[in-house]
Structure formats: structure tokens, C-alpha cells
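What follows is one chain in C-alpha cells, specifically the form predicted alone.
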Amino acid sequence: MTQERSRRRRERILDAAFHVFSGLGYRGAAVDEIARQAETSKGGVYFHFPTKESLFLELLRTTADRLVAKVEREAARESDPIARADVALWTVLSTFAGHRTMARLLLVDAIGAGPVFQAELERLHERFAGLIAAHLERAVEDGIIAPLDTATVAEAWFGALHEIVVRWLMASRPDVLERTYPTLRAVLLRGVGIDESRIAALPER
């Protein structure tokens, strides 16, 4: 098998796994169904991913990588560190809002799948909190906000965002997730001492 053919089959398996895990959850998903949807054999799946666990872990990692890359790309369009933090939070929330299945896979199913997946989820939290902390540190350096423990604040910010998204995922009749953002943003920015005029100058979400 050529490298390119192997790569394409691996991508098909991951795409199929995303749909199967999203629809049936980790415990309900069967490798046979993933193989069927990927139009390959069960052995073809195991060639790339020795276990269902390794396949789900890779799916979590690739999905998280894509989301983090999107956040970094959108934030890089801004020069102001507060605007960058705002864009980072908004990009995560709006992406989850538009991809409820992906959000559930990352934030709900991974928790119930076991400690290995919880550790992966924890790494995802650390990555996002690290992105936010970097923007807050720049805001401190620029004198926009007073010196503070940016790591703890970033964890609190992402924790608040995470709680809102999970509650939305668990709701039987969820409202529009994006409607929560203006209030969330105002609370978080006021908490680090951003004045009202600066908050008002940010783009409407």
C-alpha cells in the first residue's frame, strides 16, 4: 500500500469514527460499524489503530488540534491582547455551538469513557487555558490590566466557558448557545479590571 493510499484510508477511518462515536458514544460504538462506514475491513481499522481506545484517543487529539489551530488563527488577526482573548473565547464557544456533536464528543463522552480520556481532556483544558493566559500576560505587560495570576485567571475563564457549554449540551431543550456570550464576556473582563468603555468597544457577538 502506498503512503498516500494509507493516509487516505486512515483519514476515512477517523471520519467514520467521528460519526459513529458521536452517534453512539464511546461504549456503544463498534469497530465493525466504523469499518463499514469507512469502507474498509475490521483488519484495516486495526492496521492503523490497534484498539478502539487508541482510535478514540486519536480522534480526540485531532479534533482538539483543529479547534486549537482555529482559535490561534482567529486570535492572530487582532493586535490588542484583550481583543485576542475575546476572540479566543468566542471562537471556542461559537465553534461548539455550530458543532454540537463534536462538543459532546469532546466534553461529555470523553469524561465517561475512562481515566485515559479524562487525562486527554485535561490536556485540552490546559492548552486553551494557556492560550488565554498568554493574552492576559501581554495585557499586563502593556499596562491594560493590573498584574495578576494570569494562569489562575485563565483557568477560571475557561472553566466558566466549559460549564456553560456542558450545561447547554446536557439540556433537553437547549437555547441558542451564542446568546450567553455577551454576559459571559462582560463578567470575565470586568473581573480583571477592564473598564466599561473598552468592553463596549469590542465587536458585538
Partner chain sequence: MTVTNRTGAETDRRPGSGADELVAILLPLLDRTTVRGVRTLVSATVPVAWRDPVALFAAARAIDDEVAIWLQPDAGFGLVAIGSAWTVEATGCDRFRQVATAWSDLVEGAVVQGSDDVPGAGPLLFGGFGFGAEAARSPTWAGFESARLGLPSLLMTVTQASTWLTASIMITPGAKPGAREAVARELDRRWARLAAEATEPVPLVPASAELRIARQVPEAPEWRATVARFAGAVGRGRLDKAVLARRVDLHADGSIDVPAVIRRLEATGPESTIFAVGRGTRTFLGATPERLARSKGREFRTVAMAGSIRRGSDAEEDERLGADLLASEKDREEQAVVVEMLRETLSPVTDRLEIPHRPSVVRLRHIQHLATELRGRLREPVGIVGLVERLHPTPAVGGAPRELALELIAHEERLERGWYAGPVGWLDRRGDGEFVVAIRSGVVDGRAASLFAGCGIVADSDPQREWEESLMKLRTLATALGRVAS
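Numbering follows the first chain given and starts at 1. This one's a predicted model, so the numbers in the text were calculated from it and none came from an experiment.
Keep in mind that the form predicted together with its partner chain is missing from the display, and what follows is about it.
With its partner chain omitted here, the record of contacts in the model of the complex names 100-108 of 82-90, 127-135, 100-108, 113-121, defined by a heavy atom within 4.5 Å. With the partner removed from view, the residue among Ala154, Ala139, Leu59, Val45 that has a non-hydrogen atom within 4.5 Å of its partner chain in the model of the complex turns out to be Leu59. A residue is said to contact a partner when one of its heavy atoms sits within 4.5 Å of a partner heavy atom; Glu39 meets this definition for its partner chain in the model of the complex.
Though the partner is left out of this view, Tyr26 does not reach within 4.5 Å of its partner chain in the model of the complex, counting heavy atoms only. The closest heavy atom approach of Arg12 to its partner chain in the model of the complex falls within 4.5 Å. The closest non-hydrogen atom of Arg167 lies beyond 4.5 Å of its partner chain in the model of the complex. Residues of 150-165 are not found to place any heavy atom within 4.5 Å of its partner chain in the model of the complex.
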